[in-house]
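Taken one at a time, structure 1 and structure 2 that follow are two forms of one protein chain, written as structure tokens.
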Structure 1
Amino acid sequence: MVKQEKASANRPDNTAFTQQRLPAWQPMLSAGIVIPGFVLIGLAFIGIGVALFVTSRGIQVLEIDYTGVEQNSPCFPCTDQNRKNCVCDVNFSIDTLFQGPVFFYYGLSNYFQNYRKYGVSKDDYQLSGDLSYFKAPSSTCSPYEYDKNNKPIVPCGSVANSMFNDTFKLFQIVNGAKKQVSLDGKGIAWWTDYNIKYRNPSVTPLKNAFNGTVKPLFWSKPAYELDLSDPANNGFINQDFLVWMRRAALPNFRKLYRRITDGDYAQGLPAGNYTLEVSYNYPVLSFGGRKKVVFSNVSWMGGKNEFLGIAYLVIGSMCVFMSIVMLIVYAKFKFPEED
């Protein structure tokens, strides 16, 4: 026995793996699977497509461009660079009830928040409240690292510096009188941004943490005074700041400004005339950008986007069509079984 083992010491092992005999499933693109598969997928797609399309249709959206390019537009006067603290009123009307909760967005177009050098121009350590980066911001923030007097800018970088600073007030015209619609600025940013990613240094009062630093050049108020009405909504965890810092993927984007959730307007904006009071600060005309406000409500599938529904419908029907084509090809040309 031992001798025999010795005589075949080099004999390879007889396992399914070494002999390449592993049990396996060998699927094939056979007509029995492909054609019914296409029909089923097609039908499913059409179903999903209809659901999406109907849902999307049900979402109300109101977009108002207030850039003021045209001479007759209400904000045209504010486009003059020299006017400070310009306020303009934009009037609009709603025909039917705008189902609540209504979300109030501002939108920018032709604005390259996704430009690489713009995107990297911030300091994550500083924004997470690390005081040592208050004194010496990261070099990625260049050119908004230090001001002319070589004082560190906090928050540093292009992203923070270019924070959107138009503010809006919404009034419903009720019997000729302006009735302010209360806007909710809480909880418009991601939970993780508000609680984890961005943190203020644990210094009270917050102002002291900013000693020896300057505010971003474009800002009118320092970071710790962004929201005078709510001391908790200041510094790096100011909701508007958080929304701005989550930079957009595409050059046309909209960002959540406020929610209309409470008071008389919790059920939505009733039909009627409205005035939007815009304090116009943010310059976009120089690069051909546009500013707009958007009122929208949402569904289970998010905001209004008709593309998905239409795409599902189109592709679903194409699948069904392809299955017919394949059926014809199969019936007519299926390759001869015999060699």
Structure 2
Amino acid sequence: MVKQEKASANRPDNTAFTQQRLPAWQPMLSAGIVIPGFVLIGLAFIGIGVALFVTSRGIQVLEIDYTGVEQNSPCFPCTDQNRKNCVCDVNFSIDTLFQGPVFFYYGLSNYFQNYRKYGVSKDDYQLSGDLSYFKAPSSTCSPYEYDKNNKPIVPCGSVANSMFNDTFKLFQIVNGAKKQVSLDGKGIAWWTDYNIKYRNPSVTPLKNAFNGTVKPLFWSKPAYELDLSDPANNGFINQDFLVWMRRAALPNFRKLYRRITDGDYAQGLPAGNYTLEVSYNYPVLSFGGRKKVVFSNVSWMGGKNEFLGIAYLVIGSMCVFMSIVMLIVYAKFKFPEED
């Protein structure tokens, strides 16, 4: 008797919801629904794939390798690590108008920014402007937390220490004279990185926040002097620094360096001869890497990416093919409705 009363107490209420008597709809998938559905989905995917593929093929991309491995390369002398402040000129030409806005990237290959130990080698508290971590960096920054004199490194860690530091100037050759192309470096980093994730200490002038610290070992200048032309573009919110700190997922990658959107080049780069002046500072030959610059424009779908269009075409074609197979099977082995 006690057992029955206990079971009754635990029984759910006798309602349509608790007793699962609510009305429900369950689709009855038949050949008349599935086969046309596969055809429609396949045709839609094929249409989207064609649009993406054609659009991607229309995007202009110009890649120039300036590693300097080949002896006839203009940057070959700069591969000698004993040479300091080496500058090399890379000449190239454009046959037709390179439609604007033009995006200017630098690219690295055989560079594994996705290596776990490398990726965690930074101090997020320090990079958010917490001064207490300036004097005592996190142990995650090892081996770049202190220099040989036991002074704290700011910003610490392998990611910041390996920041890309080649610089570029672009010139158009007009009647034998060099005409500099304006490069816009504002707003090239992610908004969340610039406004939320990375912050400078609330110290004026910014230089005072770095008292008692040293710059990363491979840097030529401290963080508060990364951009002498724009005081607001220094420290941990420097645009080039933010772009580098957002790590790449693959060993071959490119990162945005500048945009060409102003002056005579707002509509793009006219056909003609150009010279890229490279301040060659970043060593890559020790790990078999390569360096390049990439000029590209964009469309409504973003940058050049033929894989996305091909993927849509393949999936759409498979859907249409499977619908044909199912139609043949249905026509050959059609069963009565009661089966």
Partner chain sequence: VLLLIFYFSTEEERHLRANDRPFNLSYHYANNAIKTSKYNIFTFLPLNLFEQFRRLANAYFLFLFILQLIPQISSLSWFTTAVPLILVLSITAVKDASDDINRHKSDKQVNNQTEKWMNVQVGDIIKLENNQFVTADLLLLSSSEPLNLVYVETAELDGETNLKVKQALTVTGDMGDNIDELAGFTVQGTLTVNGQTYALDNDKVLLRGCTLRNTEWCFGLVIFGGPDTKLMQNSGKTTFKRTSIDHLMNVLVLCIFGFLASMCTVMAISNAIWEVREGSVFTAFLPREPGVDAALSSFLSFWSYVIVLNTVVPISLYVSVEIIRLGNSFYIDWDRKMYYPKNDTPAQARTTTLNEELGQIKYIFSDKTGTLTQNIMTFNRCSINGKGYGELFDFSGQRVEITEVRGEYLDFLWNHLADPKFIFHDHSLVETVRAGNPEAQAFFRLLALCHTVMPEEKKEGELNYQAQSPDEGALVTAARNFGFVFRSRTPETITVVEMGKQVTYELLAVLDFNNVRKRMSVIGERNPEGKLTLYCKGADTIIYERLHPSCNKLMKVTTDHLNEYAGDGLRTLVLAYKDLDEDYMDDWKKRHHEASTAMDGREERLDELYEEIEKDLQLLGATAVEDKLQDGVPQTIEQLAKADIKIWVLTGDKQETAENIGYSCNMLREEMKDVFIVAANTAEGVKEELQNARRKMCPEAPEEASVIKARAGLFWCQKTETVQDEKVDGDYGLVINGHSLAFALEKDLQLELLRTACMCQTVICCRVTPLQKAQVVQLVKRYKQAVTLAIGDGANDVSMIKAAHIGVGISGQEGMQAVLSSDFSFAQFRYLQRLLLVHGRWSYLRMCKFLRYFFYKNFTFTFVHFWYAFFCGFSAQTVYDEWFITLYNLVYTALPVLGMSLFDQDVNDRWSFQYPQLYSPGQLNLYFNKKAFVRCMMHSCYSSLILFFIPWAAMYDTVRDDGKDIADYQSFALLAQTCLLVVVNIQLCLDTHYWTAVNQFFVWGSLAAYFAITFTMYSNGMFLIFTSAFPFIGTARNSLNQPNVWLTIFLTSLLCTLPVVAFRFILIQLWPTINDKMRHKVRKEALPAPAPRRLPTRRISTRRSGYAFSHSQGYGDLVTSRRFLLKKPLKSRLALFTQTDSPLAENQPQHYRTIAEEPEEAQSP
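Rigid core here is just the name for the largest C-alpha set that superposes within 1.5 Å across the two forms. As the structure is a computational prediction, the values presented were derived from the model and not from experiment. Residue numbering: sequential along structure 1, first residue numbered 1.
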Original post:
Here are two forms of the same chain; which is the form predicted together with the partner chain?
Top reply: 1
Original post:
In Å, how large is the CA movement of residue 24 between the two structures relative to the superposed rigid core?
Top reply: 3.7
